[in-house]
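First, one chain by itself: the form predicted alone, in C-alpha cells.
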C-alpha cells in the first residue's frame, strides 16, 4: 500500500499551532482550550507543557528543549501523517516569535501544500507585548514594534540597525528575549543605541512572567533599565517621546491633544477640523514643504529639517498636492 492509500486508510491528521497566551488558563482563548482538548498529541517546550498541565491529562506528550523548534515541527508532522490531531503549543501567539514560522518551513521542505491531507490551523493568542502592556497601563496606544535581542539566529548588525531605526523613528518598542545567562551584553547595546535618540528619562517598564506565579513589574527609565533584573522571561517596554508614567501606569497618548484642547472640554484647536487630517498631516505638510521650497530652501535643507531622505523630499515635491477628501476614516477622529 502506497503512502497516499495508507493516509486515506488511517484518516487525515491535523496540526494545530496553538497560542496559549501569557500562561494563565484564564487568558487562553476558548478555541485554544478546545484545540488542546481535541488533540491526540501535545508538543511543546517543557515550560509551556507545564503551563497547560491541567488540560492535557491522558494525552501523548512530546516535550522538547528551548532550541529544538525544528524538532517540534518535525514531530508534529510525523504524528499528523500518522492520522493524529496535534496541538503544537507556543506561549503568547504562535505567529509572533513562535512555532508557526518554523512549522511552515518544515512543511514546505517536506512538500506539503494547503491541499495536503494534513490540515494546518493557526490559533492566535495574546503575545507578550499585549499581556505586559495590559499589566502596566496603555503603553501601546500609538505606533509600536517588537524586536528580539536574540542573536542565536539573527546577526547582531541586523538587530542593531533595527534598534537604531526604531529608536530614531520614535516607536514604542517591546524587546523580546532581552537577556539570558549567556547573552548579557545585548541589552546594554540596545540601551546605548536608544540613548542616541531618546531622553535618558524615557519611561521603561520591565515585566517578568506576566500572569504567571512569579510575575514581577518594574518601572524605570532608559538610562537605568540595564540595572534592573532582566532575563529570558522578561519583556522590556520602552516608551516614545510622549509616553509618561502616572499613578503607577505607563501611558502613550494617541495624539488627541494635537487636535483638541483637552482642558477645554475637548474643543477643536484653531486650524484643526474634526474628521480631517491634522494641519500638520500629509496634505498640510506637503503645502508647507512646497512653500518652504518656493521660498528658497534647498532639498538638502528640507531633508535635514524634517529628518527625511533627500530623494524622498525631491520625489514628493514633484507630485501635485491633491485636495483632501471629506469622508472620515473609520476609527479616526
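Positions refer to the first chain, counted from 1. Keep in mind it's a predicted model, so treat the numbers as computed, not measured.
Heads up, the form predicted together with S-adenosyl-L-homocysteine isn't pictured, but that's what we're talking about next.
Of these, 186, 240, 75, 177, which has a heavy atom no more than 4.5 Å from S-adenosyl-L-homocysteine in the predicted complex?
By the 4.5 Å criterion, the partner-contacting residue is 177.
Considering non-hydrogen atoms and a 4.5 Å limit, which listed residue (159, 193, 106, 233) is close to S-adenosyl-L-homocysteine in the predicted complex?
By the 4.5 Å criterion, the partner-contacting residue is 233.
All three of 22, 97 and 128 touching S-adenosyl-L-homocysteine in the predicted complex at 4.5 Å, heavy atom to heavy atom?
Yes, the whole trio is in contact, each within 4.5 Å by some heavy atom.
Which single stretch, out of 114-122, 165-173, 85-93, 255-263, brings residue heavy atoms within 4.5 Å of S-adenosyl-L-homocysteine in the predicted complex?
In the other structure, the partner sits against 85-93.
Any chance residue 132 has a heavy atom within 4.5 Å of S-adenosyl-L-homocysteine in the predicted complex?
Taking the distances in the predicted complex, the answer for residue 132 is yes, it comes within 4.5 Å of S-adenosyl-L-homocysteine.
Can residue 205 be called a contact residue for S-adenosyl-L-homocysteine in the predicted complex at 4.5 Å between heavy atoms?
Residue-level check for residue 205: no, no contact with S-adenosyl-L-homocysteine.
Quick one: does residue 199 come within 4.5 Å of S-adenosyl-L-homocysteine in the predicted complex, counting heavy atoms only?
The answer is no: residue 199 has no heavy atom within 4.5 Å of S-adenosyl-L-homocysteine.
Can any non-hydrogen atom of residue 136 be found within 4.5 angstroms of S-adenosyl-L-homocysteine in the predicted complex?
Outside the cut-off, so no.
For the stretch 195-224, I need every residue with any heavy atom inside 4.5 Å of S-adenosyl-L-homocysteine in the predicted complex, listed N to C.
Going through 195-224 in order - heavy atoms within 4.5 Å of S-adenosyl-L-homocysteine in the predicted complex - the hits are 207, 208, 209, 210, 212.
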